[in-house]
Each structure stands twice: as C-alpha cells, then as structure tokens.
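Quick setup: one chain, the form predicted on its own, written in structure tokens, and binding and motion questions come after.
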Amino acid sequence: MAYTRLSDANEITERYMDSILIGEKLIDSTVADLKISFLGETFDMPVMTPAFSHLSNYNGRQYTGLEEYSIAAAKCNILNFCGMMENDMFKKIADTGAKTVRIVKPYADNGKVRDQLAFAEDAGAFGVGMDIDHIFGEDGYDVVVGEDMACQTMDMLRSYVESTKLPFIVKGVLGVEDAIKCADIGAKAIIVSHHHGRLPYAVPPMKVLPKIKEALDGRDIKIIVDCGISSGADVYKAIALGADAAAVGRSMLPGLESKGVDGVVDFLNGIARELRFIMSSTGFTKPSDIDDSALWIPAE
C-alpha cells in the first residue's frame, strides 16, 4: 500500500477535536439551560445550521433540502444560514419563517453582491454576510458554478456593512489578522472556518479559536465556529475554547436526505441533549458560562 501524507484538513481537524478531553465538576451542579442571546434575539440552543447551497429535492419531496433544513431551524428556534443561490430561492427560504442569515459569495460582479444583500434585507433576513474563503482557487481567483469570484478589500467589506441595517457576518475567518479586520469594519460576527478543508493543512478552527477570542476581547463581535461539528461534545468544546455558538455542517445531511425536516429536527435535538448533559456534568448552567476549565487539551 502506497504511503499517503495526511494533508487533508478535515482529518487534521477531526483528530485535533477528538484529542480534547472533558473532565467533570458534578458537586453543586444543576441541569443546564441551553438558551442563548445572539445579536439581539433569543435562541433555544447555541447550535446553528450551515450555509449550504444547491440542495435539491430529496426522494421526490415537495421542498428542496434548503427549505427543509430551514423549516427545521424554525421548529428548533435556532439561527439559520444559507449560501450561494439566486434571489428567488432565498425568498423561498425566507418564507419558511426561519431567522436566516444569507451568506453571499465574493462575486467579481460587485453589483450582484449588492443586489443580493439588498434583496435579503427586503425579504426579511435576520442578517447577511460574505463567504471570503471562496475568493481564491488553484488557478487564481475561484470560479463557483460558473461565477467568477474576486478579491475583497477592507474598504469593499466595510461598504457592504454600511449598505445594510442588518448584522453583517464574515464567514471563513481562520486567523487573528482577518478576525481583527472584521471587527474594524463593523462586522457583528465571524464564522471561524476552513470551509471543509479548502486549504491544505488548514489549522483546525478550534485550535486557532482561543487566539482569535483573545484578540477580539472587548470588541462588539460574536464568534461562531464550524467544520466537523457533529455532536453536543463538539459544540461544548467550541464554546469552551471561545466561540459563542457552533454551526453543524455535513453531519446534518444523512438525516436531511432520509427524513427531511424531521430528520434534521431529530439530529439537532440529539446534539442538544448531549450538550445539556455535558454542561450539567461540568458545572455550567448556561452556554455563556462555559469556559475551558473542564477541558484537557494536548500540549503543543
């Protein structure tokens, strides 16, 4: 068997996350409450959906996968995200009633960026944002489903922030410098992510998370983390390391594909149950109280 270098960022991320262990603090602890306050709204748990794009109708069902997981997000009262799509599709998602953040691609067509941000606001989006980790591809600037992407400067991003009344969220931050720049332009949140391993040997989001949290101390900006989040333990570790919430990703797909809305609701409720159990077993009554005192983190 030929030797293969372990260069896949997803494998690296999974190994790092699994290497972090959890101790217990049981005496004087009580059953935890998972509710969080996030950008002025109360949600039932610090778990969010991924910014998926281009999901079709599974098994001939009435709604697309995008609509189904949005309906599930509304049922579970969690913050919903969606990704690359045209305005008519976003309108369908907005009509599900889910509090949704529309993440727009860094299109070379700046007019399209502004049109989609404005449409989302008019359609009742909870927030808007941009997916900066799709700027580059192996041949230069990325091309996504036939659409050219382009560099995004601080001035450009600041202009998007200033163009909307909604909270602006930057997705794809994986370093302290970009995190500080996002705070400087007035973004209300960042998603710490390597977008399912687009960058070879990408640092695990949870590994860089404490440094980002420290750099943003005292700044009015929330931190979400994704990549490999599939359990309540993953969410707990993310919050303990500095995040305000965590977003699931491909781990949601099996339930979505097989059972649609009910499959996603079951999946999210399973994460919530495990998260509540771990919080209760480590002495934390609410997500905002969680710190790293119960974590056993491998030495560098």
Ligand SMILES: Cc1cc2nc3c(=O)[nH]c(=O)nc-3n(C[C@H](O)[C@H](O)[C@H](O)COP(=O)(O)O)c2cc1C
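Residue numbers run from 1 along the displayed sequence. Just so you know, these numbers come straight off a predicted model, no measurement behind them.
Just so you know, the form predicted in complex with this ligand exists too; it's not on screen, but the next bit is about it.
- With the partner omitted here, the residue from 187, 93, 173, 229 that has a non-hydrogen atom within 4.5 angstroms of this ligand in the predicted bound form is 229.
- This chain appears without its partner; in the predicted bound form, the one residue of 99, 222, 195, 75 with a heavy atom within 4.5 Å of this ligand is 195.
- The candidate stretches are 259-267, 234-242, 30-38, 51-59, and the one lying within 4.5 Å of this ligand in the predicted bound form by heavy atoms is 51-59.
- With a 4.5 Å cutoff on heavy atoms, residue 157 does not count as touching this ligand in the predicted bound form; it lies far away.
- Though the partner is left out of this view, residue 249 does reach within 4.5 Å of this ligand in the predicted bound form, counting heavy atoms only.
- With a 4.5 Å cutoff on heavy atoms, residue 202 does not count as touching this ligand in the predicted bound form; it lies far away.
- Heavy atoms of residue 83 reach within 4.5 Å of this ligand in the predicted bound form, making it an interface residue.
- With contact defined as any non-hydrogen atom lying within 4.5 angstroms of this ligand in the predicted bound form, 105 is the only contacting residue in 104-122.
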